[in-house]
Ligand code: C2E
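Shown below, as structure tokens, is a lone chain in the form predicted alone; questions about how it binds or moves come after it.
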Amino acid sequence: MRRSMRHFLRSTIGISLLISLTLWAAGLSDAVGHMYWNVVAKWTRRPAPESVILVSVDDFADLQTRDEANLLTQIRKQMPRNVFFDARIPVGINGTGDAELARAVSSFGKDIAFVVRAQKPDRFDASMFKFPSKTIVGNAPIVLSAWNSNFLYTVESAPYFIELNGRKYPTFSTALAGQYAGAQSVYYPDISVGSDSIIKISGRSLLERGAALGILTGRTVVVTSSGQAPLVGYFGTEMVQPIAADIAGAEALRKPISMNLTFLPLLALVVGAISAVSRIGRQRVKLPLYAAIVVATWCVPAILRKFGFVAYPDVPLLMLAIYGSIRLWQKRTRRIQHTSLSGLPNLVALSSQPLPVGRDVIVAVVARYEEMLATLPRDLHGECARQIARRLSVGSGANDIYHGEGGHFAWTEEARPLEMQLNHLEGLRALFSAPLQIGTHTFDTNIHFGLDRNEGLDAVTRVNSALASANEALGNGRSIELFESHRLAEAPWELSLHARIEEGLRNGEIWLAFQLQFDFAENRVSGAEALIRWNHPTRGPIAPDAFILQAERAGRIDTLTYWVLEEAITAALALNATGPRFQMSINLSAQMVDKADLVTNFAEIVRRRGIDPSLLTVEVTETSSVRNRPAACHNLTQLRAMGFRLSIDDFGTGEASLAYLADLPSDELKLDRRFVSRLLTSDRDRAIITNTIALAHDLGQSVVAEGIEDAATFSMLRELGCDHAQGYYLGRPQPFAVFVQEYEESRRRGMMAV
């Protein structure tokens, strides 16, 4: 037991706990708690209760007891629930006024009480309270107002009763709430109550013009004046009159319980949670769990306070900050001061030294390296890395091979002409055609290279550039990727693409163009394809292929796709409301086709927008990029079952071919523009189009020919039995307003002028 305790206290968790408790004992954790409750108070701010109204006497230039007597008489006419007199009483100046005030007070009976405030925070002795004259107060109850505060004089708690000279007086908040006892001897204000939202009316105005009928009826009225006591701190705002704290205290007392849990239960939970997570081996699992502990530590005290429990987060938050700092320091130390298990220097060592002039930075990445390590005993992990490094050293002639995580190995070489360097790396790749023999395990290896030739840049940038290139080569299945200077210049744009897309959608830089589709059988414009466009304020028009490809690489294509769907639905509803059936086509990225939530999201959007899904055609292309082919076919089949029409875009290119046509129950084929453009000049292309149209019709599908540039091609497609036409000859992509105008003109003519 003693040994395990020593082990705990020497651990990162134990050290963090001891430091945080030491800071708490020294009072240094109070600042953390103060900042925390300030933030919580601002986030949870709500209006003060309307049941309490302040009547201020500050606007009386020369306040007399007669004025106060008249004011109380006016208040009494409104029949308030009760009255608290929290204002200075200028007794002794006017004897007649004093007598009138005494009679006015007496007329309230038990429905009036006088508030006496402490003249200094955190002082509860009799010398701090100045009681009003007995001739005025008579038998009216006396309540006291005094608060425990923190180091910045911000109120934190108050006792239910204060004992002075052998007599117990209830505190003001308990009288306001009618709650004179609790589970503990003190209560804590409800810091969510906004001090600036307390209802306050002018006493002079009340005397001169009266109050609106019923404004005071049934409510608690506090006759108040500033200067009765010093201002106090209040979480979430600046210094306020102490009445704000009293009202917040009363709101807290109206809850079922008011209890201080201290910081110990939350600290125990944090220590236990960190201990449990620290035993998990996988870093990817640990990081979100640590984040969850931080979020819970932040949120739990705020939630508990809503129910009357005060749990202080200062020590737990301090411990989390200290623990995180120590772990980061340990991790940084390991990375900088230590090499990997292989004994090889790490990539940080390469990045931290100046690179000689005339050297290329090369990073090699071994495919499925982590899977290789997973099959090996831990004591062979270093041997695996050393064998790979030896082959790289022999092939490259480099004395130092730097080993990074995830199967990355880096070095520098003399900068040869590019073609020669690429041939050299291809030869180096051939060295790995022979399997690795690690103990009793044999591994085939597949290696990819990233090359940086950007001399003049710092070492960190060059190593990271080569790393990025190696990862890209691995992801794309290429042998070598070169990170050139123009890509480095474009990196900020690509890395901030999502934010730029969001901004473009908000300010209208990104918009939809509509290109008409012509129905040969009905001899009319029967639909349109929605095409996304981007006019950037500094870069000008950006080609759709460019930013869509970047969005797909960044995993941000979902935002664009669902925005296009929403805008296309708006256009389709408008066009179908004014004329014959109008079909709207949208493009679906291959990056989204196999996503689990695709069908659910499409169904929710069409349900919310109230559109018949059969009015929408989903065009699918670039199917070779689909990672999960069965899931993609399932999703598309589900969309078709819901009523969406499915179109195989760019049919005849890539994987948009017979195999995909056999897998997917589509409704439409779109002939690629490369075949259509050679229809008049190539017998082979004309034969392909003729037979494709026949095949589609035999399968019950329609055919759309895109990329029509001239009247002769248009006429030939009509003769061949094509169903729909699309291209610049018929109309260029247009903003919706222009498209609608041209569409209406074509309807008035009765047919499209072609």
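What you see is a predicted model, and the numbers here were worked out from it, not measured in a lab. What we label the rigid core is the largest C-alpha set whose atoms superpose within 1.5 Å from one form to the other. Residue indices: 1-based, along the sequence shown.
The protein also exists as the form predicted together with the ligand; that form is not presented, and the subsequent description refers to it.
- Shown without its partner, this chain lists 401, 158, 588, 83 as candidates; in the predicted bound form, only 588 has a non-hydrogen atom within 4.5 angstroms of the ligand.
- Interface residue among 529, 190, 668, 481, judged by heavy atoms within 4.5 Å of the ligand in the predicted bound form: 529.
- The stretch from 570 to 578, 537 to 545, 355 to 363, 403 to 411 that comes within 4.5 Å of the ligand in the predicted bound form, counting heavy atoms only, is 537 to 545.
- In the predicted bound form, the ligand sits beyond 4.5 Å of every heavy atom of residue 509.
- For residue 649, a non-hydrogen atom is located within 4.5 Å of the ligand in the predicted bound form, even though that partner is not displayed.
- A residue is said to contact a partner when one of its heavy atoms sits within 4.5 Å of a partner heavy atom; residue 296 fails this definition for the ligand in the predicted bound form, lying far away.
- Among residues of the shown chain, residue 599 is not one whose heavy atoms approach the ligand to within 4.5 Å in the predicted bound form.
- Residues from 708 to 738 that approach the ligand in the predicted bound form with a non-hydrogen atom closer than or equal to 4.5 Å are 708, 709, 727, 728, 733, in the order they occur in the chain.
- After superposing the rigid core, the Cα of residue 602 is displaced by 2 Å or more between the shown form and the other one.
- For residue 710, the Cα coordinates differ by 2 angstroms or more between the shown form and the other one after the core has been superposed.
- Once the rigid core is used as the reference frame, the Cα position of residue 531 differs between the shown form and the other one by 2 Å or more.
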